[in-house]
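The form predicted alone is given below as one chain in structure tokens.
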Amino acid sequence: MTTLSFALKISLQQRVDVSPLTPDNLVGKSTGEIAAIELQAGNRKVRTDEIFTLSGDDTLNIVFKTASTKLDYIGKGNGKGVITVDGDAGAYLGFQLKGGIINVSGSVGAYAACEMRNGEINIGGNAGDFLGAALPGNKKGLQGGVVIVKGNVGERVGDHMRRGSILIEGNAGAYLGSRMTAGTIGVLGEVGAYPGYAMKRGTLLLIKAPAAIPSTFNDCGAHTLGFLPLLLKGFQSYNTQFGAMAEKVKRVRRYAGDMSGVGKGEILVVI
């Protein structure tokens, strides 16, 4: 069997919902059946083969070639297999992902890993706002799995996050970990204003100190935390710099909060 490839063959004028093109949905289908699947493109439906040139037959190993920022919902609700995106992707990448792996060589739009439940997402470029967050009005953001971003991310990363890990090797925007309930967010680069806003529980691990710690967080002093090397060793099987830091991160300054609410979260700044 060879990788099932979807090569974009037209210049997209409208956004396209490619959520039907996942290993979960395509298992057992012939190439002809896959080509006939209808995709929502703007206010109309189009056949898959009107947009993509198809090749290969391994439905558990899917590749989107020469991808576009107008391709939304890649991997929506998927639970198995590997999806590779050669290029950039649109919004809602990995929305409600249940398992499997998504690898993106470029950047992605807003709401990537939104309400993700399990699995792994690797983003080689940047990510937009609300990475690993919940939909507006919902209370459950990222609920499991690992999200790795090699570049920068936008605002409200991990909003309403409940479990899992988000590892950012670039910079992060404002309101990092806002309304977070549990889980871990690590950032190697700079962090914007108001980290941990309305945070209930969970951990923000920052390699660089933010310009200001919110006044609703209490300074608990410097500590050597035994769980940190173990936490970082857990990332050694992933393609991220965080795994190599297990022997380097010894001391952190701990800030507890957000005291305007439950106050059981923490911002750990490496010293």
Partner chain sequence: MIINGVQIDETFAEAFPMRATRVIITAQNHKWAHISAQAFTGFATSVIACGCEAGIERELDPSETPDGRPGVSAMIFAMGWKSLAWQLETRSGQCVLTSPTSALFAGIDEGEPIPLGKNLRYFGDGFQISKHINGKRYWRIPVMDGEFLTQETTGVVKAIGGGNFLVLAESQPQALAACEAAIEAMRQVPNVIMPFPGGVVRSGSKVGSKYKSLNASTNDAFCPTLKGQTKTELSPEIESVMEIVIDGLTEEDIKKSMRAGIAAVCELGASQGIRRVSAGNYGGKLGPFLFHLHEIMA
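As the structure is a computational prediction, the values presented were derived from the model and not from experiment. Numbering follows the first chain given and starts at 1.
Unshown form predicted in complex with its partner chain; subsequent notes refer to it.
Interface membership of T240, defined by any non-hydrogen atom within 4.5 Å of its partner chain in the predicted bound form, is ruled out. A residue is said to contact a partner when one of its heavy atoms sits within 4.5 Å of a partner heavy atom; R163 meets this definition for its partner chain in the predicted bound form. The shortest heavy atom separation between G183 and its partner chain in the predicted bound form is within 4.5 Å.
Within 4.5 Å of any heavy atom of its partner chain in the predicted bound form lies no heavy atom of G28. The putative spot formed by K65, K80 and R117 is not touched by its partner chain in the predicted bound form; no residue has a non-hydrogen atom within 4.5 angstroms of it. Annotated contact segment (heavy atom within 4.5 Å of its partner chain in the predicted bound form): 222-230, selected among 31-39, 53-61, 207-215, 222-230. A heavy atom within 4.5 Å of its partner chain in the predicted bound form is found for exactly one of R251, R254, K9, R15: R254. In the predicted bound form, the residues of 248-271 lying within 4.5 Å of its partner chain by at least one heavy atom are, in order, R254, K264, E266.
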